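Shown below, as structure tokens, is a lone chain in the form predicted alone; questions about how it binds or moves come after it.
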Amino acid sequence: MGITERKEREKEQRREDILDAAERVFRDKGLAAATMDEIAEHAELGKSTLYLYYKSKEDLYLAVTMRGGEHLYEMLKAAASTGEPSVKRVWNMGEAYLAYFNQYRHYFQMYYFLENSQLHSQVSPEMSELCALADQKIWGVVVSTIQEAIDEGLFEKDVVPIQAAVMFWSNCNGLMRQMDRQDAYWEKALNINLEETMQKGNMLLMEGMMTQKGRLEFEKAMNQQQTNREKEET
């Protein structure tokens, strides 16, 4: 291994160490209470070294958030690559997003940062661009799968892929935020299970987009999934 390659690997490892430390601190304290001094201490580095990698605490926060986005991307990509009919794979991605929410709740919560426009002024243009590229990659998986369903005649021709993707996301994300913040209230006060409500909303969206051929393919794929589950349980 050459000197240049070794130095590059060391630099990348240091970046990962910084992100590991930052993730622990942000998870325990949140963005407002966390400090670069504390993150540097956890990473066993000088604070000046942190600023060589990240221009602000907000940049570092978003870098950790993008770690979560990479997990989401991989889960969506897996859901879209099962070999099932495209309409079923669209459904799979809603289920994958729910699984992501349940498995990586702390990453999901970090996205609340985006609601506070005052904090955005502390984010560098470079980090903003990296975040935009990461978002485009995630949206691309969903939009391309919806486009497949249209091309195969399983979704109606007048369905606009990006609009459909935003509708699915809005249904899932809105209800997940309620699950995160007030799940017990909805269960106790109104006897509503929000996970079931989210799935019902996704199903209504699917039904509004599917052609007759799409409905048949979707029903067949769902029945096959149920059969496979029953076989696994016996």
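Just count from 1 along the sequence shown to find any residue number. Being a predicted model, the structure only gives us computed values, none of them experimental.
There is another form of the same protein, the form predicted in complex with the DNA; it is not shown, and what comes next is about it.
With the partner left out here, the DNA still marks one of 170 to 178, 42 to 50, 194 to 202, 65 to 73 in the predicted bound form; by a 4.5 Å heavy atom cut-off that stretch is 42 to 50. Among heavy atoms of Arg215, none comes within 4.5 Å of the DNA in the predicted bound form. Using a 4.5 angstroms threshold between heavy atoms, Met36 counts as touching the DNA in the predicted bound form. When the DNA is considered in the predicted bound form, Lys220 lies well away from it, no heavy atom lying within 4.5 Å. At the 4.5 Å threshold, heavy atoms of Lys7 reach the DNA in the predicted bound form. Contact with the DNA in the predicted bound form, judged by any heavy atom within 4.5 Å, is made by just one of Ser128, Gln103, Ser81, Gln122: Gln122. Contacts of stretch 55 to 76 with the DNA in the predicted bound form, defined by any heavy atom lying within 4.5 Å, are made by Ser56, Lys57, Glu58, listed in sequence order.
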